[in-house]
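The chain below stands alone and is given as structure tokens, in the form predicted on its own.
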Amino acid sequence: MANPLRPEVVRLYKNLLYLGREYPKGSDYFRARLRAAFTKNKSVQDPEQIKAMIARGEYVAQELEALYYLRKYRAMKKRYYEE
């Protein structure tokens, strides 16, 4: 029986993989960690646990986006304002 949450998990994985391209430690580091995290939890069958893990993954995605926006902001500030 296929899990109905599978498309959502795949979407989250692809989104995190896309966001990891600009990770400060490198995309290879991020990809390895992401793959390990998803592989570790691939045997989970409980829908509530899966939903909780999806929520945590979405939180990580939001934090990555905030990290990138902050980096852009700092670069712009450095470029246009002298301290």
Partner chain sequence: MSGRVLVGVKRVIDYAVKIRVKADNTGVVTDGVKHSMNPFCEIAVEEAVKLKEKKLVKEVVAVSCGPQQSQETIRTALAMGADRGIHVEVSGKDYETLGPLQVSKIMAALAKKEDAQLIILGKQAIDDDCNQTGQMTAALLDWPQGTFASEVTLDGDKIKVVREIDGGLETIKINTPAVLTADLRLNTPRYATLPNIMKAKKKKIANVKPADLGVNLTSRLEVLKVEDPPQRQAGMKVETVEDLVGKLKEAGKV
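Residue numbers count along the first chain shown, from 1. Since we're looking at a predicted model, the values are computed, not measured.
Same protein, other form: the form predicted in complex with the partner chain, not shown, and the subject of what follows.
Taking the partner from the other structure, the partner chain in the predicted bound form has no heavy atom within 4.5 Å of any heavy atom of V9. At least one heavy atom of Y68 is located within 4.5 Å of the partner chain in the predicted bound form. Taking the partner from elsewhere, V60 is found to have every heavy atom lying beyond 4.5 Å of the partner chain in the predicted bound form.
The shortest heavy atom separation between K25 and the partner chain in the predicted bound form exceeds 4.5 Å.
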